[in-house]
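In structure tokens, the next block holds one chain alone, the form predicted on its own.
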């Protein structure tokens, strides 16, 4: 079966119009067109952090392996407890964590036990030492009602049963996952290959840090934000610098990026303009669509796949304005790159009350930079950062979230509930 073209995927949408494409339609096309990288690498556990799990991890053991105590205290038989009067039990031994014991408690007996100690045969409950009414060398007394049958007992397999899935493929491995895998005795982890991403900025007006800033020129900020965003994703990155607005330079850069990377992210040059040669070169090299999206900030977006000398790469052509670059990356490129990595990519929306009115016309999706905080009554409230111009990068450093105003949505009144996406975990 031949690989579907971008047009094949887009044609599945009714009313597809590249000059007026809703955000959700663009996201669907990208998701349907992009495929995960093939291959599996086996890496040591300590090298698995922030990698994507390639296979389900099935627990080889039960955790914990035995019923054990959740407290330092005394293991006892719940049936011996008296709800109406004090209970006195004879202490017949001590059980320590990690030390085997063959002590068996009969009726009227108990065993001193440490946290993690294996529950002695015959015992089903633990009373914490501090809750015992009186303690002697060979007996304890328990007041009625301070402990119930089954209290403070951790069951074998309570965390994981042998043969059950411990972690599912597609999970981005975090510190807690390392601990879980270590608790199972697993030393090597199957992960997806690291995604290689090349990126560059286009524009004759751009200057690198350290160069003199001529009249009409600006320092290139987009490469630095892209560097940060791609690094946070765990990609292997290829920084190709600034590429001139000249057809041969652009074609050379794209061909070189194709040879070095699985995906390419560019900023600038995808709108319709006299010096925007990127569109023609992208179209020459592959299967690329150029969209005008119903969104703000960021309207032009190029997406597709290009090829050179037998190598191919997915292409994400982002707009040039600094905030538009970040928004376009987070809501289009990031999800696609995670899919290429074989990673789960949930996007969690929160609901929060808007602290002020927000003007908006239906018909496009808007991503408003905002600050989520507690109001005077302790309730979550979100307020936009002020001017939402796509060149105001400072507002992205002030914000801790984005308010998402969907295309069918109109203006928001003070006190209305809105959708919010937190930067923490995203940025």
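Numbering follows the first chain given and starts at 1. Computed from a predicted structure; not experimentally measured.
This protein has a second form, the form predicted together with a small molecule, left out of what is shown; the following refers to that one.
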Triple contact flag 68, 117 and 152 to the small molecule in the predicted bound form, non-hydrogen atom at 4.5 angstroms: no
Residue 297, heavy atom within 4.5 angstroms of the small molecule in the predicted bound form: no
Residue 218, heavy atom within 4.5 angstroms of the small molecule in the predicted bound form: yes
The small molecule contact at residue 267 in the predicted bound form, heavy atom, 4.5 Å: yes
Residue 177, heavy atom within 4.5 angstroms of the small molecule in the predicted bound form: no
Contact stretch among 102-110, 316-324, 333-341, 123-131 - heavy atom within 4.5 Å of the small molecule in the predicted bound form: 316-324
Contact residue in the predicted bound form, chosen from 271, 183, 260, 94 - any heavy atom within 4.5 Å of the small molecule: 271
The single option of 230, 206, 289, 306 touching the small molecule in the predicted bound form, heavy atom within 4.5 Å: 206
